[in-house]
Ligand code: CMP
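Heads up, the chain below is alone and in the form predicted alone; it's given as structure tokens.
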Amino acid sequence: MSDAPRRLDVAVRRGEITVENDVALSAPLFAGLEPEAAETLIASMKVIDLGRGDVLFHEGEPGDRLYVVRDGKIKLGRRSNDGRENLLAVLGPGEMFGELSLFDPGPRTATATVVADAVVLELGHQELITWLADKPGVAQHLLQSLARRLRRTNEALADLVFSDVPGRVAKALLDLSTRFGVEVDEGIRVAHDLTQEELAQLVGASRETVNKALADFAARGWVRREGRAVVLLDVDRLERRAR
């Protein structure tokens, strides 16, 4: 990735979503809605096709839109003045981001970049406000989502202070497995689609230190590395190491 990510043209479509079995409906935005109401809301959203490396928005840009991931993976990251990047989260299908700017309008606090070819649904500020006026119960689910995100942020800060790098690596792998993991004969295969550098940014450590921890896990028979994927062979040991 370049030091200065650029915003790329993306394909936008409307009205081409089938609501039935749509994974996007698991997002907090749709929680508690009747099927007909969910269909109305999802039909009002833009569908945006993105390729790996595309930037949906930059840190510091005005924010007035909410996004739901329908397919693929999106990473949220911040960049320091000297060019270092911290990866805040990796989001997949059914997860939502950008809602903070709708409740507290202001500059974006992170850059959203595509990790794996993605399709996202976009809802503007005015459309959401109009929707909440008619369906106030949705606001409760959105606020609960924000509260969970704040709790995860607090946990991440505590990990940086109190956990060593191998412990943070183990916890990151387990977290990724809950959202992207698929059970296989040997354990859980996690196709995270992250480069070694991106995985290190997610853990908050150097690539060399994270690779050393992964190599140690592999030598102990806890994991097997497969490019931009990893197979968790001993989840119990990883959970104990993550504590």
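Numbering starts at 1 and follows the sequence shown. Please read these numbers as outputs of a predicted model, since none were measured by experiment.
Keep in mind the form predicted together with the named molecule is missing from the figure; the text below concerns it.
**Student:** In the model of the complex, does S163 come within 4.5 Å of the named molecule, counting heavy atoms only?
**Tutor:** So S163 does not count as contacting the named molecule.
**Student:** Is R108 close to the named molecule in the model of the complex, meaning a heavy atom pair under 4.5 Å apart or at it?
**Tutor:** Residue-level check for R108: yes, a contact with the named molecule.
**Student:** Taking heavy atoms and a 4.5 Å cut-off, does L142 contact the named molecule in the model of the complex?
**Tutor:** Result no; L142 lies far from the named molecule in the model of the complex.
**Student:** Should R149 be classed as touching the named molecule in the model of the complex when contacts are defined as heavy atoms within 4.5 Å?
**Tutor:** Yes, contact at 4.5 Å.
**Student:** In terms of non-hydrogen atoms within 4.5 angstroms, which of the given stretches 164-172, 116-124, 82-90, 133-141 touches the named molecule in the model of the complex?
**Tutor:** Contact-bearing stretch, as computed: 82-90.
**Student:** Considering only 180-203, what residues come within 4.5 Å of the named molecule in the model of the complex, judged by heavy atoms?
**Tutor:** Residues within 4.5 Å: none in this stretch.
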